[in-house]
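One chain comes next, on its own, written as C-alpha cells: the form predicted alone.
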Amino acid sequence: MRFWEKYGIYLIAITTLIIFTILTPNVLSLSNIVNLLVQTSMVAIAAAGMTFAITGGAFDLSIGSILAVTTSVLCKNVPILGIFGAIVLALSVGAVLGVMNGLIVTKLRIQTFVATLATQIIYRGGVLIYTQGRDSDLFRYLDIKVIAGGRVLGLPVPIWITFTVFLAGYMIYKHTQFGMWVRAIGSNEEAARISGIKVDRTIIVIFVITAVTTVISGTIYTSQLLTGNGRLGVGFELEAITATILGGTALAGGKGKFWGTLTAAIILALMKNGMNLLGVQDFYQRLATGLILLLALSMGVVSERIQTRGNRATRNQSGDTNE
C-alpha cells in the first residue's frame, strides 16, 4: 500500500496511455498531445486549489458556479474595461466569493460540504440574475484568444499557466508556514487551534485560493469559447475533486499531493480525449468519470484503514517493549 500510495497514480497514467495507444494510435500524435495538455489545464488548475481545500479538511462545491461567474464577468466587462481590467475584476470577484465561503464556514460553523453546496446555488442564481439568463460573447474581441491559443517557446499559454500554478502551489504547500498550517488543520483542527495556529484565517485563505484558481480556469475557458453564461460549469467541481482524490490527496485531510493531482487531471483528460477519438458518447464518459471517482474514494478509504491499523500495531509493539 505504501508503494501504491507513492507510485500508483503514475502506474495508472502509464496503463491508461498504453490502453488508448493500442485502441487509437492517434493519441500519441504531437498535435493531440498538445491539445490534451491544453484540455487538462482547466480542471488541473482548479484541482490545484482543491488540493489545498481537501488537505485542510474542507470541500468546495461552489467552484462550478464560480466558473460561470467568471465567464459572465469577463464577457460583460471586456468591452468596458479591456481584457486586463476584466481579468482583474474577475479575480477580485472570485476572491470575494472565496472570502464569503470561508466566513460562512468559520463564523457560522457550518460544515464545508453543506456551506459550499448552499453557496453553489446562491452564486449560480446570482450570475443568472446578473446576466438575466442570457448568453454573452466576445466574438468582436478576439485578442482574448491569445490566453488559450497563444504560444510561448512553442507551447500553448495554458500549459505554461498550469505549470506555474502547480509549481507555486507546491512551493507554498511544502515550504511555507501556511502550507504547514493547512496540513495541521486537516490532520486535527482542534489540536491546531490549541497549538496557536490561526485556523479561521487559514480556512478563509484556502477558500480564496480555490476561488482564484477557478477564476484562472474560467479565464482560459472563456478565451477558448468566447462565451459566458450562468449555466456553465455544472459538474466542474466533481472533476476537480476527482482529480485531487485520484491524485493521492487524503480524503480525511492532512496530506496533499500536488504532482499526483496534476497527473490525475492528465489521466482524466486522456480518457476523455481517447474516448472522443473512439467515438464514445458523452454519457458513457460521464459514467467512466463517476466510476473513477468511486475507485479513488475506495482506495483512499482502504489506505486510511491500513495506516490506522499499522499505527495501532506500532503503538502496541511500543507498549510491549516498554513493559
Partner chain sequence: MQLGTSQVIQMNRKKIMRKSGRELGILYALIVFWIVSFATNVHFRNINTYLNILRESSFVGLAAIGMTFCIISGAFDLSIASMLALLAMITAVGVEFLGVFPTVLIVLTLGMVFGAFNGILVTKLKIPAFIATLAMLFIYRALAYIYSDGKYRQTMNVRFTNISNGSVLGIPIAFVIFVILVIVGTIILRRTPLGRNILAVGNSEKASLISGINVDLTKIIIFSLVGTFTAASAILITSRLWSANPGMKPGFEFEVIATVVLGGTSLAGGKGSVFNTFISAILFASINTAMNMFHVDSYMQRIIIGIILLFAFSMTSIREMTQTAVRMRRSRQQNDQPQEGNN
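Computed from a prediction, not measured in an experiment: that's the story for all the values here. Positions refer to the first chain, counted from 1.
The same protein also has a form predicted together with the partner chain, omitted here; what follows describes it.
Residue in contact with the partner chain in the model of the complex (any heavy atom within 4.5 Å), chosen from Leu142, Ile129, Val152, Ile80: Ile129.
Distance criterion of 4.5 Å from any heavy atom to the partner chain in the model of the complex singles out Ile110 from the list Leu103, Ile159, Val88, Ile110. Among heavy atoms of Ser223, none comes within 4.5 Å of the partner chain in the model of the complex. Taking the partner from the other structure, the partner chain in the model of the complex has a heavy atom within 4.5 Å of a heavy atom of Gln281. When contacts are judged by a 4.5 Å heavy atom cut-off, Ile245 counts as touching the partner chain in the model of the complex. When contacts are judged by a 4.5 Å heavy atom cut-off, Ser29 does not count as touching the partner chain in the model of the complex. Site residues Ala48, Phe163 and Val212 are none of them in contact with the partner chain in the model of the complex, judged by any heavy atom within 4.5 Å.
From the list 80-88, 204-212, 118-126, 144-152, the contact stretch for the partner chain in the model of the complex under a 4.5 Å heavy atom rule is 118-126. Residues of 240-274 that come within 4.5 Å of the partner chain in the model of the complex, judged by any heavy atom, are Ile241, Ile245, Leu251 in sequence order.
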